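As a starting point, one isolated chain is supplied in structure tokens, in the form predicted on its own.
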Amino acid sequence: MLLTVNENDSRPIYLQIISQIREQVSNGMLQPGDELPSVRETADSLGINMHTVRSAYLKLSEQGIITLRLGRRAKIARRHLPVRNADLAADIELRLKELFADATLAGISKDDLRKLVNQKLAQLKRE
């Protein structure tokens, strides 16, 4: 697992960690049963506070992406069933709104944004 912290990213660090782990699970870099580094190891390697990593791991556990057991390393969950709940749907909608606002502020037209989204969806199908 490779994680990085981007100081120029406007998102909090724990959200950056969540995003990177979710992406690595979705593209197959992390497989069900794979162990994650401990909270301490991850914090040390990124040069951040352990509580930041713990927050990310807890959120990933709530989302069903990883499993946490006291005294053991976090693991990628064995089954990734789509979570269909109002909180997740609301979170995704909020992130999309933020993405669209960022794109508009960056001068990206709706047509160009639509092309980018379609390209990413096509790429996901190939993977």
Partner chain sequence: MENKGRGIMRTRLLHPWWTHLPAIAALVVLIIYIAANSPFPNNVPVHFNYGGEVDKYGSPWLVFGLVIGLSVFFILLSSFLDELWARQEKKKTFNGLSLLDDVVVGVMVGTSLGVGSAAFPWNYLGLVCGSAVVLAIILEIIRPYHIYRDNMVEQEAEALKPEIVRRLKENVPFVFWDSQNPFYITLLSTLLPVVLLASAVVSWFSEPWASLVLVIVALLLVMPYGGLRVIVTKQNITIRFGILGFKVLRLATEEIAAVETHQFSPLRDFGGYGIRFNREMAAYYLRGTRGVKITTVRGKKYLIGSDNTERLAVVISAVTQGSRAY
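Numbering follows the first chain given and starts at 1. Note that the structure is a prediction, hence the values are computed from the model and not measured. Rigid core: the largest C-alpha set superposing within 1.5 Å between the two forms.
This protein has a second form, the form predicted in complex with its partner chain, left out of what is shown; the following refers to that one.
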| query | finding |
| --- | --- |
| Contacting member of R78, H51, K97, R72, with respect to its partner chain in the predicted bound form [4.5 Å, heavy atom] | R72 |
| Contact residue in the predicted bound form, chosen from D87, E62, E35, E93 - any heavy atom within 4.5 Å of its partner chain | E35 |
| Contact of Q31 with its partner chain in the predicted bound form (heavy atom, 4.5 Å) | yes |
| Residue contact check: L46 to its partner chain in the predicted bound form, 4.5 Å heavy atom | yes |
| Distance check, E41 to its partner chain in the predicted bound form, heavy atom within 4.5 Å | yes |
| Touches its partner chain in the predicted bound form: S19 (any heavy atom, 4.5 Å) | no |
| Partner contacts in the predicted bound form for 1-17 (non-hydrogen atom within 4.5 angstroms of its partner chain) | M1, L2, L3, T4, V5, N6 |
| Q119: Cα shift of 2 Å or greater between the shown form and the other one (core-aligned) | yes |
